[in-house]
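Given next are two forms of a protein chain, the same chain in both, each as C-alpha cells and marked structure 1 or structure 2.
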Structure 1
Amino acid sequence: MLRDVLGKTFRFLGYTVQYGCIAHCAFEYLGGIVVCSGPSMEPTIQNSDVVFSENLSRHFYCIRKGDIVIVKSPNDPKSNICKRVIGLEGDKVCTSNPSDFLKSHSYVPKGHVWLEGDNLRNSTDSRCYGPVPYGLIRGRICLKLWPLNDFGFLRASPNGHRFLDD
C-alpha cells in the first residue's frame, strides 16, 4: 500500500514538473496575455485593455519600426511598459517633445531601440530615459483581445510623422 501511494505521488510530481516546464516555455518563448495600464498608448491601447504579446520576434530580432512592444522599464526593472518602436539602431530620431519650437535629433546607438507612447503629451518614454537596450524587450503586441468591440490587430501609429526616413 505504501508503495502504491509513493508511486502515485512520484507520478503526480513528474507530471507536474513536465507540465510546468511546458507552461514556462510557452510563456517565455511563444507569448502571453497582458493587461495594459496607463494612458501613454491612447488611443491605440486604452487603460485596462487586454492584449496578446508574442515573444518570438524578440528572439529572432524581428522587431520593426511601428511595432508595439512590452519592455522591462529602464527606470523600474520590476515593472513592464508598453510603447511603440520609433527607431532601431542607426536610425535618426526626433528627441524633442511635440510642443518644442526647436526640434533636436539623435541617432539610436547599436543594440538599442527608441520607444515612444502614442499619447505623446502623456507618456514617459525614450524622450525622458533615452534609447532602450534591445535586451529589455519582452515581446511584441500583435492582437487586442479586450474589449471585444475593439478585437483585432492593432492600428498604425497616430504619430506617423515621428518616423524619420533619414
Structure 2
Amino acid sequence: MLRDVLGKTFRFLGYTVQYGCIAHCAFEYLGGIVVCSGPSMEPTIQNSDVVFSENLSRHFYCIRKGDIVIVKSPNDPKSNICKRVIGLEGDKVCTSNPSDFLKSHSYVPKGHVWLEGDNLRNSTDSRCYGPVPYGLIRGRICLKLWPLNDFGFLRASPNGHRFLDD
C-alpha cells in the first residue's frame, strides 16, 4: 500500500519536473504568450491585450528597427517592459521630446538599442533612461492574440518621424 503511494508520488514528481523543463525550454527558446498592461504602446497595443512573443530573433541577433520587443526593465530586473525599437547600435536618434524647441541628437552606443513607446506622450522609455543594452531583450512580439477583432500582425509605428534615416 505504502509502496503504491510512494511509487505514484515519485511518478507524479517525475512528470512535473519533465513538463516543467519542457515548458522552460519552450519559453526560453521558442516563445510564449504575454499579457501587456499600460498605455505606453497605444494605439498598437492596448492595456490587457494578449500577444505572442517569439524568442528566436533574440538568440540569432536579428532584432530589426521597428520591432516591438519585450525587455527586462533597466531599473528593475524583475519586471518587463514592452516598447518599439527606434534605433540599433550606431543609429542616430533624436533624444529630445517633440515639444522641445531645440532638437538634440545622439548615436546609439555599441551593444545597445533605443526604445520608445508608440504613445509618445505617455511613455517612459529611452528618452528617460537612455539606451538599453541588447542583452536585456527577452523577445520580439510578432502576433496579437486578443482582442479577437484586432487579431494578427502588429501595425507599423505611428511615429514614423522618430526613425531618422542616415
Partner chain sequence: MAQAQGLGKRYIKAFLKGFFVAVPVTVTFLDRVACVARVEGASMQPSLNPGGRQASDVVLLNHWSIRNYDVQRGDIVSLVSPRNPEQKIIKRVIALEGDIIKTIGYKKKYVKVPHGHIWVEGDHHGHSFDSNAFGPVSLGLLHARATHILWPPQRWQKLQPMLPPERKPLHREQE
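C-alpha atoms forming the largest set that superposes within 1.5 Å between two forms make up the rigid core. Residue positions are counted from 1 along structure 1's sequence. From a predicted model like this one, the values you see are computed outputs, not experimental measurements.
Structure 1, not structure 2, represents the form predicted alone. Taking 2 Å as the criterion, residue 147 does not count as shifted between structures 1 and 2: its C-alpha moves by less than this amount when the rigid core is aligned.
In the core-superposed comparison between structures 1 and 2, the CA atom of residue 9 travels 4.1 Å.
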